[in-house]
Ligand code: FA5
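The chain below stands alone, shown as structure tokens; this is the form predicted alone.
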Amino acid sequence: MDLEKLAQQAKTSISLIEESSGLEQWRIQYLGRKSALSLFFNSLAQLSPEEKKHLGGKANKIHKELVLLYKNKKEEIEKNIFKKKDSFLDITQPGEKQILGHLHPLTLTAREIISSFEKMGFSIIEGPEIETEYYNFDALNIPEDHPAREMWDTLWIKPKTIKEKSRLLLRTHTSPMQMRYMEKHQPPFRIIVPGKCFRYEATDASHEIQFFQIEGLMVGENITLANFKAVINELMKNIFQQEVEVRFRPSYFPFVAPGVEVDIRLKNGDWLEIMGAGMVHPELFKKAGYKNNQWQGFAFGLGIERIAMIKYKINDIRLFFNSDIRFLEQF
């Protein structure tokens, strides 16, 4: 193999290159694994010791020269590209706007709701998404044979061992934190519990297998539904930035008595249901170990998706979870 001739061809060829694509082809031809020079290095084992010493040294020298040629040519091409761009640069023009990420509409809504409650003195509490049957149902006045259990389509978790006494499930609401909190704290207090909930049901425009809920609990000596209405009025005004009509309708939930459904109406709008609520059932206070007839309070469960749908005029809850960038970029 004529190493001198190969080196001369490489030098002549690279001097004619002006673009990066041509330089990459040159690199593959003269420095790549299948190049003539690389194949020559692979064949050195077949040569005599004297030939290895002479031709090997010569080949190494040529390889270093070609690598240096490649490096210099690459820098030259990059400088030329910069000069071309720089010649058209107008420093008086504003820079290109960077594409930034932004918060999901549910996150925006949740933060607004939480901020409003914080201003009213509520503490933020978190609870487990994997819950026990006791706290999700039994502690809330919903024993195993209670017909109200049909209101919650439960996703049960298969136990790892037969020794597990309390069955586990994905929580169907954030209400279990009512009892968990009352067991460890004495009134008066006011808390909210934001979190994800799960129910085994078919999805449609207004139902999802997972959703976000904010549970609220306020307990004191003289707490009434009037206090609850004042809190909700203030919350709605903060969220929608306008006066909002609020009304209660009688309803039933095992862990409150009386129970109510809460409806709101924006200006020139229809009545819309936003949450279930009521006065905490005395049986829950008894289970928590509170002194009989000393404390009373209200509890509620507010759906974040429901508020976001009203606030942003969204007609399908599934849009929140399908990651369609065309939808998310609007917020």
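Counting begins at 1, following the sequence as shown. Keep in mind it's a predicted model, so treat the numbers as computed, not measured.
Beyond the structure shown, there is the form predicted together with the named molecule, which is absent from this document and is the topic of what follows.
Undergrad: Going by heavy atoms within 4.5 Å, which of 24 to 32, 274 to 282, 42 to 50, 287 to 295 lines up against the named molecule in the predicted bound form?
TA: Stretch 274 to 282 is the one.
Undergrad: Is residue 189 near the named molecule? Define near as a heavy atom within 4.5 Å, in the predicted bound form.
TA: Heavy-atom contact with the named molecule at 4.5 Å: absent for residue 189.
Undergrad: Quick check on residue 211: any heavy atom within 4.5 Å of the named molecule in the predicted bound form?
TA: Close contact exists here: in the predicted bound form, residue 211 approaches the named molecule to within 4.5 Å, heavy atoms only.
Undergrad: Using heavy atoms and a 4.5 Å limit, would one call residue 299 a contact residue for the named molecule in the predicted bound form?
TA: Contact check for residue 299: yes, within 4.5 Å of the named molecule in the predicted bound form.
Undergrad: Would you please decide whether residue 206 lies within 4.5 angstroms of the named molecule in the predicted bound form, comparing each non-hydrogen atom pair?
TA: Residue 206: yes, in contact with the named molecule in the predicted bound form.
Undergrad: Considering 201, 150, 221, 183, which brings a non-hydrogen atom within 4.5 Å of the named molecule in the predicted bound form?
TA: Partner contact (heavy atom, 4.5 Å) among the options: 201.
Undergrad: Do any residues of 245 to 271 have a non-hydrogen atom within 4.5 angstroms of the named molecule in the predicted bound form? If so, which ones, in sequence order?
TA: Counting only heavy atoms within 4.5 Å of the named molecule in the predicted bound form, the contacting residues of 245 to 271 are 253, 255, 256, 261.
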